[in-house]
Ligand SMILES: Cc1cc2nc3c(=O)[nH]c(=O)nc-3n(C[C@H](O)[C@H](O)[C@H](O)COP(=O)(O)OP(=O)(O)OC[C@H]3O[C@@H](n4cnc5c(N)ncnc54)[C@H](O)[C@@H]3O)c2cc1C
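Take a look at this single chain in structure tokens; it is the form predicted on its own.
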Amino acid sequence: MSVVISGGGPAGMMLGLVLARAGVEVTVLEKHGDFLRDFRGDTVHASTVRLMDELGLGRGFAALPQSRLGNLVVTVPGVGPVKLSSFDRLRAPYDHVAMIPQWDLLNFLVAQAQREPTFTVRMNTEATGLLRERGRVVGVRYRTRDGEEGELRAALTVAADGRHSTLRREAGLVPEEYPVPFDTWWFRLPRHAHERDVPPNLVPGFGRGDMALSLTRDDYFQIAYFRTKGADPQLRAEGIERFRERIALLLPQYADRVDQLASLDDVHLLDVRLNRLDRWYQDGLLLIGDAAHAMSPAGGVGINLAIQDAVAAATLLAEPLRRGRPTVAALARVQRRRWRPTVIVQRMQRVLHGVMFEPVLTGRRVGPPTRLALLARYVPGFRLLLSRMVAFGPLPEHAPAFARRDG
């Protein structure tokens, strides 16, 4: 039987690839004509790197342009630099988090999936609604960029269309929202030639009411600026000069290049959400990734949790799909499999919000949480545990036997 997947992000493409390797007819609908969008999640964690190897894609994945995310290092007054993470202490070769442009990852996954005769991707095609018969979802309505409208019927419809999911809204499903104290603004600054030998650590900067984080990329620094939620109108009213001053204060090592920000059009807002559905499915419909549970950027785990959802869904549903239409009970098994790791990660993110972000953004503290930093400094096992949780998550999935190939 056939599957239609709305959304050509990491979850949708991974699900399509793995199901196609099971011989299931899969069509992925992607509303854009390409994947070239800045500041989508670019972190590929060790759990996903291992999946690539298990799928026989490790060599091709390693050849994609990428850099390794370094450890998070904070400076504690009176103590000095303290590492909060130790990815380099994890067991090789899964001892790192890769930074790779998401468009390169998605193009790679599409190219691999298109080798399977049962896989189809339709670009410039957006799922706009659900088809129902006798209370069951039996496919989607779609519209192309040219305005053509049509219907696509399937034994299973999967909503992998992100935190603003159209199909979730059409299904009448409303996630429970959890408070988030900040939004994030992303931008890039050039990396000078003499800085190529600088270790690629994560570098935070703390102010009173705002903070920033620098991620080292091959030829630029990717910067995340954090400020209280809803501050975007005020930030833009202040203008680019004031924004440059803020960044120079938070990250003085980049004061010599903040003028490369021509205007606030170069600064991209992420409206941070943290939510999840109580129920990820209806008869004939399954939601995965951000459509089921939007994640905070804290820890950079969103893409990887979505990919884990996709692999679990493919593993559990391939056989029911080969036999016919998956039952509601089969869809419920996917949620049961992925519910606990989702809840654990979101709870950890909420703790991190309260410990790391909120005191700084409300002006109660300038700098990192001292107790956390000292715990990481003097209890190496804590630092390693934190690194493993970020790199692998609480329940990493493995590629099913039917999808594995020799690399």
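Don't overthink the numbering: it's just position in the shown sequence, from 1. What you see is a predicted model, and the numbers here were worked out from it, not measured in a lab.
Form predicted in complex with the ligand: not shown, discussed below.
Note on the partner interface in the model of the complex: the residue among G300, P320, P175, P101 having a heavy atom within 4.5 angstroms of the ligand is G300.
Note on the partner interface in the model of the complex: the residue among T120, T315, T184, N71 having a heavy atom within 4.5 angstroms of the ligand is T184. Although the partner is absent here, M295 sits close enough that one of its heavy atoms falls within 4.5 Å of the ligand in the model of the complex.
Among heavy atoms of T157, none comes within 4.5 Å of the ligand in the model of the complex. The closest heavy atom approach of G207 to the ligand in the model of the complex falls outside 4.5 Å. Contact annotation: V203 falls outside 4.5 Å of the ligand in the model of the complex, judged by heavy atom distances. Checking 82-90, 303-311, 278-286, 243-251 against the ligand in the model of the complex, the stretch whose residues place heavy atoms within 4.5 Å of it is 303-311. In the model of the complex, the ligand lies within 4.5 angstroms of at least one heavy atom of each of the following residues of 139-175: A160, D161, G162, R163, T166, in sequence order.
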